[in-house]
Each structure stands twice: as structure tokens, then as C-alpha cells.
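This document opens with one chain alone, in C-alpha cells, the form predicted alone.
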């Protein structure tokens, strides 16, 4: 029984198209990761724990939330393991299972990002992402108290002046309904 539980995580990953059983711990993923300094588990350890059935430890770790999905690890893996995909899958599992999130600001940013894509019909609008993120959880009040809002407003005005911050929304995608269906669970 314990043996089947230990392999359940690896089997679930394989069923999602993210097989990890070919990892031989060469650590190329961890050695190339630009964010490993901020992680509590390096990517090779995440894969090892996935193989050993360490689901609870993985869903509670900072690493899956710190990962920026830059795919350096995936590119460097000699066995073709989609390590960035594993990190994303683990994030989805953490949210679905209500696991405590050690990096709530990162989770909120993910939600703001996906909310903006959903709101804009499949396109990304940076001003909408920032608005959703800043309005969530009273962050705008914190910025006002710390006088950070004035600095950010000056940055925004500078970007507008140089036409680097578009105020008009991007055109909607032809498959906006399909994108909305994909993002419905978020």
C-alpha cells in the first residue's frame, strides 16, 4: 500500500504527459536555473521528491511558486523532462488541494495574470494585470502608506510618454471563447 502511494505522484505526472522517471539526477536543471538562489528545493530535488512520492512536501514548498517557467531547466535536461511543466502542474495541484501557499504574492500575481488574459479575451494587457494585482488584498493601500504609489505613478507616466505602456486594449483573439473555456477553472 505504501509503495503504491509513493509512486502515485510520478504516475499522475506521467498521465499528465510529464513523466519524470528518466531523471538520473545529473543536476543540470538546478545548475542552470537563474532562480535557484530563492528556492527552498532545487529543481533536481523536486524531481527526486516527485519520484519518491513526496507530494505533501512539494505542494508546500516555495520552489514551485518561485519558478518563473523560463524553461532553462527543461532545455538543459538531457532526458527531455519538462521540469517547468512539472512545476506548473504542482502549482495547479497546490491550488486545487487548498495547500498553504508560502508565496501568496506570487500566487496572487498568477491569478491577476490569468484574470487579465481571461478579461481581455485571450490577450495580455500589462496595465490590467497590474491593476488586478494592485487592487487585490489592499495592496494599493500599502503602497499609499509607504509612499510607493508616487514613484510607480511617475514610472507609469514615463512609460506613457515613451509610448511603452499602451492604454488601449489589445484586439481580441478569434478563439476568445476557447481561451475562456480553458481558464474557466481559475
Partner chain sequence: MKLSYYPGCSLEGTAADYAASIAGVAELLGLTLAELPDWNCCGASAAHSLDEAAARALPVRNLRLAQTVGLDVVAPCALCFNRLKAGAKALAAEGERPTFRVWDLLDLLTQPYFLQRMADLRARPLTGLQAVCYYGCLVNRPPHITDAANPENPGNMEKLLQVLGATPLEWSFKTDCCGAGLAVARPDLIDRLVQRLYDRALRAGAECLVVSCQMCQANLDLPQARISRQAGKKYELPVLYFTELIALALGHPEVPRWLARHLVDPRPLLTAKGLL
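Note that the rigid core is defined as the largest set of C-alphas that superpose within 1.5 Å between two forms. Residue numbers count along the first chain shown, from 1. Note that the coordinates shown come from a computational prediction; the quantities given were computed from them, not determined experimentally.
The protein also exists as the form predicted together with its partner chain; that form is not presented, and the subsequent description refers to it.
The closest non-hydrogen atom of residue 99 lies beyond 4.5 Å of its partner chain in the predicted bound form. At a distance threshold of 4.5 angstroms between non-hydrogen atoms, residue 8 is out of contact with its partner chain in the predicted bound form.
Taking the partner from the other structure, its partner chain in the predicted bound form has a heavy atom within 4.5 Å of a heavy atom of residue 173. By the criterion of a heavy atom within 4.5 Å, residue 138 is excluded from the residues contacting its partner chain in the predicted bound form. In summary, among the residues 70, 52, 26, 56, the only one with a non-hydrogen atom within 4.5 Å of its partner chain in the predicted bound form is 70. This chain appears without its partner; in the predicted bound form, the one residue of 131, 35, 60, 153 with a heavy atom within 4.5 Å of its partner chain is 35. Looking at 163 to 183, the residues that come within 4.5 Å of its partner chain in the predicted bound form, counting any heavy atom, are 163, 164, 165, 166, 170, 171, 173, 174, 175, 178, 179, 182, 183.
Remark: with the core as the superposition reference, the CA shift of residue 123 between the shown form and the other one reaches 2 Å or more. Core-superposed comparison between the shown form and the other one: CA of residue 173 displaced by 2 Å or more.
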